[in-house]
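Consider the single chain below, provided in structure tokens and representing the form predicted alone.
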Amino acid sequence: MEAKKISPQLLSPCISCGYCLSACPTYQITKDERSSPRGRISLMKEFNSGSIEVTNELFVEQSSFCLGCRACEPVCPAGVQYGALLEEWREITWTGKNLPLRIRGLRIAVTMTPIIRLLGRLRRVKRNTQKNAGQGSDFLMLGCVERVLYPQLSRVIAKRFPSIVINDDQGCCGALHSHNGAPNKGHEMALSLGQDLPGRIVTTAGGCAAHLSTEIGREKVIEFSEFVLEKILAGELTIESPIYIDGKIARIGLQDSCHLRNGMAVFQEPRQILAKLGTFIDMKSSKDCCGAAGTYAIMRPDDSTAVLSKKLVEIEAADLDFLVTLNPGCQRQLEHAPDLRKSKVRVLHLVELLELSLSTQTLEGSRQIR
């Protein structure tokens, strides 16, 4: 039986122009061509041609060292689908005894829907089942990580958007599998979730949103910032004035979700909302990966920290009151950054900052904090 190869049709568009170099976080750290998208694609082509074996140390290492942030895709003039290439690459390198034990454990964990459901209920994830909910309804995707670490998001959404159906029996979307060497299983899980949530799926996790939009169709998925902006434009949600802290308009920064920005081209929507909530500071590093990158911070903590460190300097210099995230992995990464834990900046999901804004509207219109 012939060994699996990486799809030639995905590799062939690359013209080795080098536009990806300046966008790649790992290349920026190492300045090593082999740690760039162009260099990694060259490795994939060498593997396909038989010049190197699947056990080649550099071939295996670079498949792991890549963050999978897909920042190379928007700048690529040839339209290379690097995210799809990485999924195929890891399917080849992360298999059998070469599959990292942590990845193996995480893959198993997210398929245990009864356990995830139980953990969510213990964390008081909000349920909001409704009669006759179907294809014309909006369904909240709870997410595996979010329902355990950030169950408050579902409670806020149920409170502010009561028409959204929240079914806590749902399973994982499959993003973890697709990004970690099991794309076929990831596809299967996405289809299953799409059947369980038959209407439009509202997501509060950028990585899950991008995965689902690829697997079940963009028209089936709406990310939370898109959903909120839709409500604002329809006149169904009003943000009356910015948030004040100690008499001054709050300074707000954003950490983009890489897959949301690079995979779905969703980045203007959260910025439009944040500009209504305070003084929005669009930092140069907002678009750059924070180093969380799904399982990356677990698998390669030192490299993850190196990616994050440059960003922390700009965040501190921006004198922010709030740093807003759109993805649970990013939120956890930034919340646990030692430099930020010692600073005044509060790391919040967009859901949480919106709730803070709406709830302070009831305080005699002052919207004053502290």
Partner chain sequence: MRYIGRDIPRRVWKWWFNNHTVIDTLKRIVGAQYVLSSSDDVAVYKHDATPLFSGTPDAVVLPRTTAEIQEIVKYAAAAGIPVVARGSGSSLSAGTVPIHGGIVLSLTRMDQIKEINPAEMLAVVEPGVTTAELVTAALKLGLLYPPDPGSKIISTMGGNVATSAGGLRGLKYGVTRNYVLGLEVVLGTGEVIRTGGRLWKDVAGYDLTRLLTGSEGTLGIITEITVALVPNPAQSLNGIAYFASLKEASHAVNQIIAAGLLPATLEFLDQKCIIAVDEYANLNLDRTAGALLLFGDDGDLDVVNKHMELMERACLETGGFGIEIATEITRSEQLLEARRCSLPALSRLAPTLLLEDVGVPRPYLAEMVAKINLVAEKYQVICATFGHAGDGNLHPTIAFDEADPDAKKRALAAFDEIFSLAISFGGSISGEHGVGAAKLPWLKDQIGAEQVALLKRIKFAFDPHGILNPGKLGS
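Positions refer to the first chain, counted from 1. These figures come from a predicted structure and were not determined experimentally.
There is another form of the same protein, the form predicted together with the partner chain; it is not shown, and what comes next is about it.
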item: Interface membership of Ser359, the partner chain in the predicted complex, 4.5 Å heavy atom rule; value: no
item: 4.5 Å heavy atom contact, Gly79 to the partner chain in the predicted complex; value: yes
item: In the predicted complex, Gly39 touching the partner chain (heavy atom, 4.5 Å); value: yes
item: Close approach of His336 to the partner chain in the predicted complex, 4.5 Å, heavy atom; value: no
item: Heavy atom contact within 4.5 Å of the partner chain in the predicted complex, the stretch among 202 to 210, 253 to 261, 293 to 301, 67 to 75; value: 67 to 75
item: Check all three, Leu21, Tyr27 and Ile52, heavy atom within 4.5 Å of the partner chain in the predicted complex; value: yes
item: Those residues of 12 to 41 which, in the predicted complex, come within 4.5 Å of the partner chain by heavy atom; value: Ser12, Pro13, Ile15, Ser16, Cys17, Gly18, Tyr19, Leu21, Ser22, Tyr27, Thr30, Lys31, Asp32, Glu33, Arg34, Arg38, Gly39
